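Form predicted on its own, single chain, as C-alpha cells, below.
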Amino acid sequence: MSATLTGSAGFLAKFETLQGRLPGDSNMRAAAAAAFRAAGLPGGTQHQRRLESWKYTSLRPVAEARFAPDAPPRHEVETILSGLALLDAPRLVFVDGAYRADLSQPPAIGFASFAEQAEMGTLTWPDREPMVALNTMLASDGASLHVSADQDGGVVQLVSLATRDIDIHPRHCIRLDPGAQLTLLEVSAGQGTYLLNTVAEFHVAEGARLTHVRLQDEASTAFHVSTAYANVAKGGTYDSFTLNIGGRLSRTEVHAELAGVGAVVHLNAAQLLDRTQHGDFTTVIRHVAPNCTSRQTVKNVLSDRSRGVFQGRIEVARDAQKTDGYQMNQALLLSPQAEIDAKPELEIFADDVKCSHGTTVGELDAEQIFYLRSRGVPEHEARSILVRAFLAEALDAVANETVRAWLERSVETWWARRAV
C-alpha cells in the first residue's frame, strides 16, 4: 500500500485494502474493524479522552504520525539485532511484522507462525479495547508456541524489530500444558517512527509455570503498545517482568486471571524514562478462584520532563476466599519537571482476603549523595549507584541469573546513554 497512513481513518483504509488477503477469520476481523471504527484511537476524540482506562495516556501523537509502509529501511536489521546482545538460546525474529526464518533459531517445542495458522485466541476483548480491535483487524504474523505436558521448553527469545516508518501488529499465542515450563524473553527494538501494537495470549494449564520477561527498547521516535492476556489454571504460575526503557510513548497493559485454586501471578516491572518520554504500565489482576496469590512491584525512574503512569487494579470475586494480593508502585524523580500518575485500586467482594496496595514518590537522598561524594565518588556515579539500588528489588524478582544479568546490562546501557 503506497499511501501514507494517518489516524484512525488511515488504519481503516489499510484494512479495506488488505481485506480478504489477511489470514484467519474474516468475520472476526470485520467485527473488530467495526469496533475500532466506533472507538477510534484513545485520546483522538472527546469521547476517548473520557475513557477511564486511558485517562493518563493519549494516543493523539500516534493519530498525527505518518506511517509510510513502502518507505526504505532506516537501518540494517543485522545492526539492530547485534546491538541487542541476545542470549545464546533459540530465537524467533520478526522484522517489520514478518517472520524471518533466516535470522531465527526455532525452539524444539511446538512453533508455528500466525501467518500459517492464524490463531486469534479466546481471551481478548476487541469490543472493549480499541488497540486490541486494531490488532485484530490488521494482524498478519506472530508466534504460536505450544509446550507439551511436563516438558521444559527452556528459554525462547521472541524478537520484534522495525526498520522503517510502519505500523506493525503482531499476534502471539503461548500455551503450556499441565506441568510444562517455559521462559519467554520478549524483546522489541528498531529505528524510525513506527507503531508496534502487540497482542499476546498466555494459557497456563494446571501446575505449569511460565516466566515471561520483556525488554522494550524501541527507537526514541517510536510508539509501543502491548496488551497481554494471561489465564492461569490450578497451581499454575505466570511470572512476568517488564523493563521499559525506549519509545517516545509506550503502554504495557496486562490482564491476568487466576482461574484455578492455588494459582500464582507476578506482574513486576521497571520503567526508566528521560527527555519527554511517556511510559504507561497498566494491569488488571482478577482473582476468580480461592487460595490464589498475586504480587506486583513496579519501579519508575523518571528524569528530565518524562512522565510515568501506573494503573493497577486487583479484583477479587465473591468465591475467591483466602486471596493474597500485594501491589506496590514506587517512583524516583530525578528532575523537578518529571511526573508520575499513579492509580492503584482494590475491588473486593470476598470476605476472607489479605490485600494491600500503595504508592510512593520521592527523589534521590541528598545526604546519601553527599556521603558518597565525600568518599571520592563522582556525582554522576553516586547517582547511578543510588538508582541501581532503587531498581534492585524489581530486578531481583527475575530468578534466572542469566536473564537478570542481561537486563542489568540494559539498565547500564540506558544510564550510559543518558550521560552522553
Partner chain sequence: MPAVTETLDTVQSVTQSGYKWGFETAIEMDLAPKGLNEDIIRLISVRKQEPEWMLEWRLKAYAAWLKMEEPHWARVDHPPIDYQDLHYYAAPKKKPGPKSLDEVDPELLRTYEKLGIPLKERALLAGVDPDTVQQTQVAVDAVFDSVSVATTFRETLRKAGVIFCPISEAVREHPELVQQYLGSVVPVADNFFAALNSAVFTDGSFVFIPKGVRCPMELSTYFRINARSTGQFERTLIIAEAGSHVSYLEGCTAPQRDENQLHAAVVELVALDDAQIKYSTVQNWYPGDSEGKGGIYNFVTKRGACRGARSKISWTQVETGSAITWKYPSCILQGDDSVGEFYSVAVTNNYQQADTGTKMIHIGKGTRSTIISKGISAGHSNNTYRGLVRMLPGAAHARNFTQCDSLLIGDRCGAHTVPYIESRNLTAKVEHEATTSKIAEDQLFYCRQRGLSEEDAVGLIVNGFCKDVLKELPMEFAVEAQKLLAVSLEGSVG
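Positions refer to the first chain, counted from 1. Since the structure is predicted, the reported quantities are computational estimates derived from the model, not experimental observations.
Absent from the display: the form predicted together with the partner chain. The rest refers to it.
> So which of 130-138, 341-349, 96-104, 112-120 is the stretch with heavy atoms within 4.5 Å of the partner chain in the model of the complex?
Flagged stretch: 341-349.
> Residue 68: heavy atom within 4.5 Å of the partner chain in the model of the complex?
Residue 68: no, not in contact with the partner chain in the model of the complex.
> Consider residue 356 of the chain shown here, and say whether it contacts the partner chain in the model of the complex, taking contact as heavy atoms within 4.5 Å.
Yes, residue 356 sits close enough to the partner chain in the model of the complex that at least one of its heavy atoms falls within 4.5 Å.
> Are any of the heavy atoms in residue 26 no more than 4.5 Å from a heavy atom of the partner chain in the model of the complex?
Result no; residue 26 lies far from the partner chain in the model of the complex.
> Does any part of residue 372 reach within 4.5 Å of the partner chain in the model of the complex? Heavy atoms only, please.
Result no; residue 372 lies far from the partner chain in the model of the complex.
> Decide yes or no: are 62, 393 and 417 jointly within 4.5 Å of the partner chain in the model of the complex, with each residue judged by its heavy atoms?
Checked in the model of the complex: no contact with the partner chain for any of the three.
> With the partner chain left out of view, which of 377, 31, 386, 361 would have a heavy atom within 4.5 Å of it in the model of the complex?
Going through each option in turn, the one that passes is 361.
> Of the options 333, 166, 145, 80, which one has a non-hydrogen atom that comes within 4.5 Å of the partner chain in the model of the complex?
That would be 333.
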